[in-house]
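What follows is one chain in structure tokens, specifically the form predicted alone.
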Amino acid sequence: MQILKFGGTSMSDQKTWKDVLKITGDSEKPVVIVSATARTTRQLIKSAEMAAEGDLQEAIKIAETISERHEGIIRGFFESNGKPLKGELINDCLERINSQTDTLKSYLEDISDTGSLTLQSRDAVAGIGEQISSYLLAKCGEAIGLNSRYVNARDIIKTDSVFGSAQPDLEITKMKSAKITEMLNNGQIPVIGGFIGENERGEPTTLGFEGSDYTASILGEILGAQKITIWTDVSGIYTCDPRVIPGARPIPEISFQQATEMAYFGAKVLHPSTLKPAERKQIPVFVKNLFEPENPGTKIFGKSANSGKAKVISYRKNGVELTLTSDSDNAGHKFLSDVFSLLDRYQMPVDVVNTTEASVIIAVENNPKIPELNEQLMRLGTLEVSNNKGFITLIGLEVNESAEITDRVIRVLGDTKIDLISFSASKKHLTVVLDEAELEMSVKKMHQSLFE
């Protein structure tokens, strides 16, 4: 049994759906996980934001646009495959689109009435894309002779109630997954929406942005998959984003830890949590190109040898640098303890930190919790906030190479102002914090020096 995850470009239109279903049909005992169709999740969230701002009419227009696009995909798929545009299967698809659109409009009306977009209502809206795409793809598979069957992800993926970034309850999810095993034993192909789940009260949750990868890994672990394949529009993982760095080159193999670090520090190939379930069961994860299926892509597994200088460069925008200086004469460990207690309270992941007894500099990704965190930090001392920061991280360094690489980075960046630089011996990565305006050019310079 294997897990196939399709998302992004691979779910964009009827042409790519044909490729998706061909790969599915050629695979042995597949379980298919799909994202929403391209652009849908962003449009859904936009509609919710507009409803909260009082523009319900425009929000409804977005909902109708989403509905029309999916209807166009379905009609195009049936027509291009010589299937009748009237009949039970296509009627089922159109009814699904209409019912989910009605549900969306109801959510938008509720949001408009309250004038507030909570994380809970955001999750309810954001997951509708997967509820539509998974059902439609399963029906399209049936239309061309596959034994594909829709499975409601919310019947399987049971989570806590941390809306926006829910964590799965693995015991309950494992129990519910028996349905998938039964389907596989009956020769059926389960098709499930990624990203979405449901808490114990039956309320919709999501696993975080781009969480469909995480769904694939969770089910891979629970079902005991032989492998997990993430189908994208690039041929594996590269030394840097090939759409930004023309000289980026593919990496045949990379370790679980290195790939996780890549995702955390900004690489968009995988969700940061994706690999943890797969790593627990040592299930190899392949990242492959839907449009070049014969290309081997990248294999993620176990441990991978480091080259010494670096394995890959990840980068991320939208950073914030917080500099806090204690106003107290008795700073010391109590000051630092209070600071990190606040970071823990707000569940704030820290990218880089530099401390003394009386001051601390923290670099984090910007998020809605920052203003409230800042208010609390100002009770501890004088706070300076610098926005629009960028992070560049070199992953896969060896400890004995760190000094040389640090020197090289400083030389390569030349006159570029570096705010912070940090090396982690345990994680084997080096992170640089600088102004966002300097980010892309600095990445290009570093990649050219290290990899080209």
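Don't overthink the numbering: it's just position in the shown sequence, from 1. Please read these numbers as outputs of a predicted model, since none were measured by experiment.
There is another form of the same protein, the form predicted in complex with a small molecule; it is not shown, and what comes next is about it.
Glu210 is the sole member of Glu210, Glu279, Glu198, Glu321 with a non-hydrogen atom lying within 4.5 angstroms of the small molecule in the predicted bound form. Only one of 382-390, 31-39, 48-56, 403-411 places residue heavy atoms within 4.5 angstroms of the small molecule in the predicted bound form, namely 31-39. A residue is said to contact a partner when one of its heavy atoms sits within 4.5 Å of a partner heavy atom; Asp123 fails this definition for the small molecule in the predicted bound form, lying far away.
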